[in-house]
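Shown here is one chain on its own, the form predicted alone, set out as structure tokens.
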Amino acid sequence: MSAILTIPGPTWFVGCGNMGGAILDGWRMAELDLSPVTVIRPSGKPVDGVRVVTSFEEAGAAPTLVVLAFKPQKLGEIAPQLASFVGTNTVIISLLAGVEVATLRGPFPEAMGIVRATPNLPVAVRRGVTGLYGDVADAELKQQIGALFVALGFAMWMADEDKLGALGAVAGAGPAYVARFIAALAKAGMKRGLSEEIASTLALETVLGTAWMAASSGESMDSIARRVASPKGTTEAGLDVLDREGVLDQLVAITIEAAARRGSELAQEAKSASLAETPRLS
């Protein structure tokens, strides 16, 4: 593999929603050359620094890499149109939540490899987490695919799709839950008389600083909490509320379970969907 990380060409992004856009933002921040990338989206909505077309026929040479970046419910509509452009030299990376490799292999039987990726939104600023799983046999190719996501933060290959789903439920959905906590912390500050601007800044910087300290030092969350909380002090009084009967742990566990359950439902919906229909992409 080349010492200089490059995006293989041609690379097609089929769709480019929030996650597809976040990946391109992260690669742009990593100063990767985006010229091999073509985004295919019916709307033709521009993507900064990337060629955009509205149909597969306009995309040009057959792709080496295809990133499926549309809603999973669209698979049955889009896959039949894409299939004729996918050959034995094409690797497919799917961002489709819950859609298993075996389901993707059906409409793309000739693809060199199919990889599921579960990035989270902070890949846009190269601080993301991505889980990878696929049927790629070639070790060098697997390393090259992994390197594209390592450029966006932390990335790892998972042993099976159950573990990939677990990673997605925690890390993929996690930024939304962390955002809710930061907002709740800010609201609590506003109730104590702080302005919205100051309360929001304090909440954000507190979470960012704590995460950065833990990541830098390797210190456990429990150790950090104990260092902040003096015996019978103000922090301990608040922790008594969070720790009472494991309420916080239970709430988070229920939240993650709901995300995981929905992932399983999406997988089943994808299996059940008919891929025989060939409606137009537009």
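Predicted model only: the values in this text are computed from it and were never measured. A residue's number is simply how far along the shown sequence it sits, counting from 1.
If you look for the form predicted in complex with a small molecule, you will not find it shown, but the lines that follow are about it.
**Q** If the criterion is a non-hydrogen atom within 4.5 angstroms, does every one of Gly131, Ala155 and Ala270 touch the small molecule in the model of the complex?
**A** Answer is no for this spot.
**Q** Indicate whether the small molecule has at least one heavy atom within 4.5 Å of a heavy atom of Trp27 in the model of the complex.
**A** Heavy-atom contact with the small molecule at 4.5 Å: absent for Trp27.
**Q** Is Pro119 near the small molecule? Define near as a heavy atom within 4.5 Å, in the model of the complex.
**A** Yes, Pro119 sits close enough to the small molecule in the model of the complex that at least one of its heavy atoms falls within 4.5 Å.
**Q** Please determine whether Ser43 contacts the small molecule in the model of the complex, using a 4.5 Å cut-off between heavy atoms.
**A** Yes, contact at 4.5 Å.
**Q** Determine whether any heavy atom of Gly172 comes within 4.5 Å of a heavy atom of the small molecule in the model of the complex, and answer yes or no.
**A** Output for Gly172 is yes: heavy atoms within 4.5 Å of the small molecule.
**Q** Leu148, Ala97, Leu82, Ala186: which sits within 4.5 Å of the small molecule in the model of the complex by any heavy atom?
**A** Filtering the options by heavy-atom distance leaves Ala97.
**Q** Out of Leu167, Val136, Ala203, Ile78, which one falls within 4.5 Å of the small molecule in the model of the complex, going by heavy atoms?
**A** So the residue touching the small molecule in the model of the complex, by this definition, is Ile78.
**Q** Residues in which of 67-75, 205-213, 100-108, 155-163 have heavy atoms within 4.5 Å of the small molecule in the model of the complex?
**A** Within 4.5 Å of the partner lies stretch 67-75.
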